[in-house]
Ligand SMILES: Cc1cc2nc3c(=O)[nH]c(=O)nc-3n(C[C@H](O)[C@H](O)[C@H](O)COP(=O)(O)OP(=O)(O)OC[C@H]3O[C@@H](n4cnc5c(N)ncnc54)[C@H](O)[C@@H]3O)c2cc1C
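Shown next as structure tokens: one chain only, the form predicted alone.
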Amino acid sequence: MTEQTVAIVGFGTAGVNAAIALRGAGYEGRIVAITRGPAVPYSPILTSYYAGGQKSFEECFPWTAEEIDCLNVDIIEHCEVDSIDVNARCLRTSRGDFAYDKCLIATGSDPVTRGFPQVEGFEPLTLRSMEDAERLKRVAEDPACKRVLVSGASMVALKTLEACVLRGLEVTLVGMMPHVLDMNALPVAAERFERGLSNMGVALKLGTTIASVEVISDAEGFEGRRLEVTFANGDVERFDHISVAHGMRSNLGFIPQGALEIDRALLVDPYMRTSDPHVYAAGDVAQALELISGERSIVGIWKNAAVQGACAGRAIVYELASREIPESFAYVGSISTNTIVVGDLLFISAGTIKLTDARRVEVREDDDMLVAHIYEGSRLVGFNLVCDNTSARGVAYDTGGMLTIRIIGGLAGARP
């Protein structure tokens, strides 16, 4: 009998947790993981802490080499998958073809620089991989680099900003939306966060974009040049470097058109199966149940990717054994949660910030923190919390945890 093979494309937290679940559920066949990264995966969440000097290189790796070895996975590192042939059940790569019985796609996402003007002879900084973090670290540590422009107002942009501030750089943040954290924060919460950024010395240029960038040769400038930036509002300033964080995009370019059902990412069922029963997806490339909307959405957080990977791994073991998957193995769904710390500032959110005629916002604010509650009737469906007093941070975390539990509890009570 031919040995069964489970292929994992991408070996971050979703891929590793899938392998753990496969072995934990008794699968003894071959697991092959194809990853463009190293054999021992790092945490993208920690890259900004490394760039900012808060974490060592080794601390960015959640698993040791010994722990990965114990999973008995054939890891094809630093390798891109060119395409997947779902009919032949085969992955095509520059290192050869890899046949599979079941495949998990867990390729994550990459930062988007869309909207940044093409500049000959200049490549902006981004932040996702350890290579990105190494480059940001080198730039930030160079004494000749003094002024950095961060384009974008997302979580990634703010963590890039923090890394630069920690290195003593002068930082300007530019964003096309009127507020930071526009995907996660209500205006009232964003405004308090912005006041904290301004108090840290960050210059904010919100509601505008970069119109053009010109490289100016300057022997005294960083790397022998400066960057002259013209903003859409007409302002002109010079910087030593620019970082771009215009959102994230799921890595699905290797999937032929029509091969799998894709919306913003791969649509999956409660067991993380895609439209092809032999192909699963987890993490940033999966649209799974989001509990508040009841729709399939990307909830791109570390814990969610881990849970989805484990769910897929357990389901695969049962399917390979031609056994019915227990209902208890189904992915229960998630809510969006976010936590970010920038210097003295803490932001926590959970649930939804989408307002409708049936929803209302209640704000409670004092000297330590602001909490904005989003209610639908009497049920809490979301909140924002901003704390700008480090001595109150413990209370803020406890408050965020309590409110998150209330949202989840309310969802359970709302089910028929």
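Start at 1 and count along the sequence shown; that's the residue number. Source: prediction; values computed, not measured.
If you look for the form predicted together with the named molecule, you will not find it shown, but the lines that follow are about it.
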Original post:
Exactly one stretch in 342-350, 205-213, 127-135, 180-188 has heavy atoms within 4.5 Å of the named molecule in the predicted complex; which is it?
Top reply: 127-135
**OP:** Note which of 334, 287, 172, 109 lies within 4.5 Å of the named molecule in the predicted complex, where distance is taken over heavy atoms; exactly one does.
**Re:** 109
Original post:
Though the named molecule is not shown, can you say which of 159, 241, 102, 314 has a heavy atom within 4.5 Å of it in the predicted complex?
Top reply: 159
Original post:
Is residue 231 close to the named molecule in the predicted complex, meaning a heavy atom pair under 4.5 Å apart or at it?
Top reply: no
Original post:
Does residue 14 reach the named molecule in the predicted complex if we count a contact as any heavy atom within 4.5 Å?
Top reply: yes
Subject >> residue 123, heavy atom within 4.5 angstroms of the named molecule in the predicted complex >> reply: no
Original post:
Within a 4.5 Å heavy atom cut-off, is residue 254 in contact with the named molecule in the predicted complex?
Top reply: yes
Original post:
Every residue in 47, 81 and 300 with a non-hydrogen atom within 4.5 Å of the named molecule in the predicted complex?
Top reply: yes
Subject >> Contacts with the named molecule in the predicted complex - residues in 21-50 whose heavy atoms fall within 4.5 Å >> reply: 34, 35, 36, 37, 44, 45, 47
